[in-house]
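Shown next as structure tokens: one chain only, the form predicted alone.
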């Protein structure tokens, strides 16, 4: 069960924030920090000089480096915004090279594997609490970064029993300062929830796009475009996400398969009442969201 975190009474401020990975999410974090006056310095860390230059050009960072250890050396806060298979190792490097007391968090789309791997090797005094902004896009790169990307969007902070309350609160305050609605969940609850609300929808979107015949492309309408929009995301990035959360995605997929089988049988049997009921169930859930 998710619980909402209170908004800070006053926005926190940091002298130096290091962002590992300055694409859409990392770049948006940097732009938001600088445009809101929440950080004096924002260090962009990455392995491609072209991306780092682009991040600086759009005002997402004040300086850049390809050396992770050097980039976090003076950081009060480190935010890791790289693909999920890289996050745990990068968090441990940051924990071992950032100043004592520096707070580390991430923006990974899965949490159980990442948090467990970091906590297993957490150095004495190390501060790490996982988080996940639900503000992604099929677009990527620092050129797509926006200072308002997190405004009104949900961010899930995922403390464990090992997480000091002060560290959890500090990570929540960080995201709230960027305009996000912050929720607290365990890593396990997070992965179970996003399997159904994010990971399964992406998989279905990609598969639907894949089975569409090229000769039918001139007949594509709004429904297809809306349903397959997220299929435009980076395939390697999503391969990592799906495999990192495979058990929860499989459970969500099993529930979807039950509904799919029910729809198939209704069509095979000419059962209009059953088909209408399935469609009505979907409509009710969608309409309840109000957007």
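Residue numbers count along the first chain shown, from 1. Treat the numbers as computed from the prediction; the structure is a model and nothing was measured.
Just so you know, the form predicted together with another copy of the chain exists too; it's not on screen, but the next bit is about it.
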Can you pick the stretch from 24-32, 39-47, 55-63, 221-229 whose heavy atoms fall within 4.5 Å of another copy of the chain in the predicted bound form?
221-229
Given that another copy of the chain is not shown alongside this chain, does residue 242 nevertheless sit within 4.5 Å of it in the predicted bound form, heavy atom to heavy atom?
yes
Looking at the partner-bound form in the predicted bound form, is residue 161 within 4.5 Å of another copy of the chain by any heavy atom?
no
Against another copy of the chain in the predicted bound form, would residue 192 count as a contact residue? Criterion: heavy atoms within 4.5 Å.
yes
In the predicted bound form, is there a heavy atom of another copy of the chain that lies within 4.5 Å of any heavy atom of residue 151, even though the partner is absent here?
no
Can you name the residues of 239-276 that have a heavy atom within 4.5 Å of another copy of the chain in the predicted bound form?
239, 242, 243, 246, 249, 250, 253, 255, 256, 257, 259, 260, 263, 264, 267, 268, 270, 271, 272, 275, 276
